[in-house]
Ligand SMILES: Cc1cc2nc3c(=O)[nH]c(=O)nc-3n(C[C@H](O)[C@H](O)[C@H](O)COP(=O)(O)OP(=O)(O)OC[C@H]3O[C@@H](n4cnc5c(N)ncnc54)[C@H](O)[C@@H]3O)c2cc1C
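Just the one chain here, laid out as structure tokens, in the form predicted alone.
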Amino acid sequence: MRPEEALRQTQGPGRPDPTTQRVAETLLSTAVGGPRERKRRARFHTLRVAAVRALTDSSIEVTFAIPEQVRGEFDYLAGQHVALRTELDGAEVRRSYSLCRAVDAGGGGDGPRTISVAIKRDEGGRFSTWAQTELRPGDEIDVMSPQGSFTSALAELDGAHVAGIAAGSGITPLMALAATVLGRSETSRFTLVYTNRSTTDVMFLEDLADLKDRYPARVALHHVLSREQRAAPLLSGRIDEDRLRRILDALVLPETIDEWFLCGPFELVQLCRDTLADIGVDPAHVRYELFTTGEDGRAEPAAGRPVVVRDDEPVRAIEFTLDGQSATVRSPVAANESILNAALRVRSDVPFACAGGVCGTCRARLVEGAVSMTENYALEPDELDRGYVLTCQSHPTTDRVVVDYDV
């Protein structure tokens, strides 16, 4: 049995109703910034904070200066994200944040001179609270090279109509996508439905208004506020299925849309995907990214948790290749640890960011053996077909498993 077949037979529930296979690779060269799937080895580089700008009372935009010698490592596509790493209270903390500026902003032929992310403070969030209260220009922090496939697959932008639906901090990658789509064609259009509780919660409020002023005939911007009355009743209240269908029919016009981008919490993203599929939108034209997985009360995933291997218990052998070097680690069957967790016990530079199946940073190809994948919110169907797994969510089900991070 091929590894791909073993994976399909043993993986867990994965992504709900995954989208169909991407368009052919030959169509992925796009004016939005190159091939949609730009893969590079995920590496951290220490960057200096160039600016910190308040967006709302609970969110900031952080801009990093890119040293000339590593600018090529930070080339990115609109919609991609970076992982940030620092040490808080003696423990390493990592978080992923989407890049929020157009690809050309601050850039040059040798790569971008700056990159920017938006960070919204989560209640009880260690990293986001620290960033909001402590991060200052001049500080240094480790930033991973850009990753992710929440990017456009359009081969041609002229005349294209792109739509985005976002909630809260889900606006971040759509800021980069909208600015890039509009800036690289004089005939492209972008329609955005953006939902928040109130006006004071709207991130990038002035930037969105500026975008509308710059491209008045090509931008349609619809703010939906759940706890604030707007002049249009349709745009007042929580987005449920009925309101979403009415917004689509009256304001977005799905039959005119070439590509969709959905970003926000699980419930909203899944509602949009289900509704779009029900009205006949081809899932292959719908991209989505989650900022939460929607599982209330779920503990933050552990990465690198201690596991003791005893000589008198059954184990599985996990072999992995990273940067051309192979290593093998024994993993107790009873521990049911992920490939990522086992690999981190022998190599601290194994790539990961969220460890929750969302960001895709820990992606590797299953070369031998079989695994059960608990969650998958990052890999596309064609990646699964080619044997890729999220090592943070993959648990060996055979005595020997081999994965390759370098493929």
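Each residue number is its position in the shown sequence, starting from 1. Treat the numbers as computed from the prediction; the structure is a model and nothing was measured.
Heads up, the form predicted in complex with the named molecule isn't pictured, but that's what we're talking about next.
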Query - Single option in Arg330, Arg243, Arg126, His222 placed near the named molecule in the model of the complex, where near means a heavy atom within 4.5 Å - result: Arg126
Report summary line: Partner-free chain; cross-checking the named molecule in the model of the complex, the single residue of Leu157, Leu290, Ile239, Leu77 with a heavy atom within 4.5 Å is Leu290
**Report entry** Touches the named molecule in the model of the complex: Thr172 (any heavy atom, 4.5 Å)
**Finding:** yes
Query raised in the report: Do Thr180 and the named molecule come within 4.5 Å of each other in the model of the complex, heavy atoms counted?
Result: no
Query - Ser96: touches the named molecule in the model of the complex, heavy atom cutoff 4.5 angstroms - result: yes
Query - Contact flag, Val371 vs the named molecule in the model of the complex, heavy atom cut 4.5 Å - result: no
Query - Options 164-172, 276-284, 184-192, 228-236; stretch whose heavy atom lies within 4.5 Å of the named molecule in the model of the complex - result: 164-172
Query raised in the report: Is any part of 73-91 within 4.5 angstroms of the named molecule in the model of the complex by a non-hydrogen atom, and which residues would that be?
Result: His81
